[in-house]
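Starting off, we have a lone chain in the form predicted on its own, written out as C-alpha cells.
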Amino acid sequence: MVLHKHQRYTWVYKMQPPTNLISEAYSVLDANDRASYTQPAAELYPHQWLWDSCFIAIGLRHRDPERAQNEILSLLRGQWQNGMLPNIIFSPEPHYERDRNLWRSWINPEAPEEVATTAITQPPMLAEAVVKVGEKLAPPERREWYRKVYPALLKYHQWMYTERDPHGEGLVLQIHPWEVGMDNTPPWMAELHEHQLNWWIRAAKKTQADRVIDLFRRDTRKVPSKQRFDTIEALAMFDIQRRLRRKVYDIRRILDHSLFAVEDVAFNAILIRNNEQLRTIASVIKETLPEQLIENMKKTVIAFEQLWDPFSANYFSRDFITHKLFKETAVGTMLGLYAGTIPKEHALSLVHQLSDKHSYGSKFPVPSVPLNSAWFKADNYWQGPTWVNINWLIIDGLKRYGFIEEAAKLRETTLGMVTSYGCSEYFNPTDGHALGTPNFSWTAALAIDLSLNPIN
C-alpha cells in the first residue's frame, strides 16, 4: 500500500492502521520463520540475533504466545556457562561454516557445546520480552513461564555486572560496536577512527584498497553500499573481533590492554529498564533477587546520570578507563526515556529535541543522528535513518513519563511510514522511503505491537 504525499500526512494523524498492515507484517514473520527461531531477513541475516528475537517475540505474542515463548527459549540454547547471551547463534547449515569459523567461540571453555555462537552480547532486551509475552498468558501460565526462564535471565544479568562492571561503578561496558546493536553509530565510529584503526586499515584507506575489498562484501551485494557502513569501518570492526579472538574472549585479558571499552548510553539505558522487568518477574514468582545484584541495579541508576552533559542537554557514552564523554550526539541519548529513571527535567529536554526540526524532529522521526549533525546521512545505516525498534523504545518511555500526546504522535507516524513503505530494515527520515533489506522481522513484529496497542 503506497499513499501519495498529502495522503500520508493525513493518514499519520487522522486514521487508525489498516488491518492489512497487520496481516502483511505476519506474512513477513512467517516467511522468516525457521521453526525454532525467526531470522531477521532472508539471505542477509540468516542466523538468530539476540535483540532481534526479543523484539520479534513482542510481536508474535499477539497471535501465538507459545511461538513467542519458543523464540525466547531458542535464545537460551546459546547461553554461555558464565551467563553471557551471545548476540548471534549461528545456523548449523554447511554453507555458513565461514561465519562460524570467523568467531570460533569454542576456543573459550565457557561457550556452549551444542551450538556455535559469537563471543559478544547485545542490548539486554530479554527481560522486557519475557514480561511482554507473559502479559498474554493467564496468571498460572505466566508464573510457569517466568519460572522457566528466570534462572537463565538472572544468570545473564549477574554476568553483566560480574564481567562488564569490574570496578563496581554501576555502568556496564561494551567491547565491540556490534554489542550496542547500532553498529556504526557516530560516538563509537568517531573513537574508532581517531584511536583504533590498525596500520593496515589506515594503509587500505590511504591507497583506496577499500574499494576493491568492497566488492567482496556480502551485505553490499544485497543492499546498496551507500546504505551500509563503509568498508574501512567494516574492516575495523572485524579487526577488533580478531583481536578479541586472539585473547580467547577472556575479559580479563581483553581489559588488560583496553582495546575498545565503552560504557554505552543506549546499552545501559536498556539495562536499567530490563533490571526493573527482572524485578517484576522475580516478584510474580516469589523469588528474591540476590542482594549484590539489587545493589548493582541501584548503582546503575545513579551512575547513569554521570553520562548527562548539562551544556548540550544530552546523555553520552563514555570511555571506560578515562570516563571521558564521547560528545557525538546520536539517538542513544533518547533511550534515557526508555530507562524511565532519569529526572523529569532531563526527560523534558529530550522531548523538546524530538520536536526540534533541526535536531530529531524530521518528517519521519526518529533519525538515528540529529539532522544538524556533521555525521548525518539520511540513507546510511545508523548514521541517519529511522529504525522502528528505536521508535518503539522511545514510545514506551514517553508513555511511562506521561508524554502521552508525543507518544501517540510518534506511534502514528511510525505506523504510517511502515504502511506506506513496507516492513523495511530502516527508513529515510526526511521522506520515509524504504532502506536496507526488505521484509525485516523486527519492523514487522513491532508494527504489529504498535498497531494493537493504541495510546489513550
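All residue numbers refer to positions in the sequence shown, first residue = 1. Computed from a prediction, not measured in an experiment: that's the story for all the values here.
Keep in mind that the form predicted in complex with a small molecule is not shown, yet the notes after this line are about it.
Undergrad: Identify, from the list G384, G336, G181, P187, the residue with a heavy atom within 4.5 Å of the small molecule in the model of the complex.
TA: Of G384, G336, G181, P187, the residue with a heavy atom within 4.5 Å of the small molecule in the model of the complex is G181.
Undergrad: Heavy atom within 4.5 Å of the small molecule in the model of the complex: which of G416, G422, G397, P40?
TA: Selected residue: P40.
Undergrad: Does Y401 reach the small molecule in the model of the complex, with heavy atoms at most 4.5 Å apart?
TA: The answer is no: Y401 has no heavy atom within 4.5 Å of the small molecule.
Undergrad: Given that the small molecule is not shown alongside this chain, does Q353 nevertheless sit within 4.5 Å of it in the model of the complex, heavy atom to heavy atom?
TA: No, no contact at 4.5 Å.
Undergrad: Since only the chain is shown here, I'm wondering whether W51 would be in contact with the small molecule in the model of the complex (any heavy atom pair within 4.5 Å).
TA: W51 belongs to the contact set for the small molecule.
Undergrad: Heavy atoms within 4.5 Å of the small molecule in the model of the complex: does W392 have any?
TA: Taking the distances in the model of the complex, the answer for W392 is no, it never comes within 4.5 Å of the small molecule.
Undergrad: Tell me, please, which stretch of 28 to 36, 427 to 435, 402 to 410, 43 to 51 lies within 4.5 angstroms of the small molecule in the model of the complex when heavy atoms are compared?
TA: Every other range fails; the passing one is 43 to 51.
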